[in-house]
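One chain comes next, on its own, written out as structure tokens in the form predicted alone.
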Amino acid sequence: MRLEKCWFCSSTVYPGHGIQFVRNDAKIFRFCRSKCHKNFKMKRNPRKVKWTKAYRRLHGKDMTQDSTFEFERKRNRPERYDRNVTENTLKAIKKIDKVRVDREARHHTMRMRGKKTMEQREAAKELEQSIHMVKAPALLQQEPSLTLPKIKVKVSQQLSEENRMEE
């Protein structure tokens, strides 16, 4: 079973899925879904479309250089079947997968390291700007200067209404 890569978004295309486009010069383009095919027909650059692997790698969102990617490379040379080699390969694949997951997690934590401090700074700045909305009610009772002044209004219309009812 051969698993292909989508030309546009670099996701896996399983047998019997996706669309295959063959250009006049016999270059084959495989797409995982119609979304990728339509974007290709609109001549969009995958490096400029935010949801593609090419964009994520170009802008430092995903790992670009790692030795574990070497094992995912496509190889066209057929290998003779050997039970021992296959068993060792399957064991190695599990180890390599674990290493790649660990490295991706480490890459993600390195990327998010500065974000937490930046969010805390923004929250502190917002709190300084709108502290009047957060003051405790007990503090408002102690300091009347923090509350809005209450305005007393005299109502003089009650007398005129009583006079009208008598008439």
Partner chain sequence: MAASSASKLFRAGRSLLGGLKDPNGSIGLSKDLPRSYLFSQQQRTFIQMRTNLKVVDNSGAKRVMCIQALKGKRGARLGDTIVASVKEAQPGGKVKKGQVVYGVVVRAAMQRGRSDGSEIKFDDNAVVLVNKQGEPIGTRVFGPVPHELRKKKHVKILSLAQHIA
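This one's a predicted model, so the numbers in the text were calculated from it and none came from an experiment. Positions refer to the first chain, counted from 1.
Not on display, but discussed next: the form predicted in complex with the partner chain.
At a distance threshold of 4.5 angstroms between non-hydrogen atoms, residue 101 is out of contact with the partner chain in the predicted complex. The partner chain in the predicted complex comes within 4.5 Å of a heavy atom belonging to residue 42. When contacts are judged by a 4.5 Å heavy atom cut-off, residue 20 counts as touching the partner chain in the predicted complex. Per the 4.5 Å heavy atom criterion, the partner chain in the predicted complex is contacted by stretch 24 to 32, the sole one of 120 to 128, 24 to 32, 104 to 112, 48 to 56.
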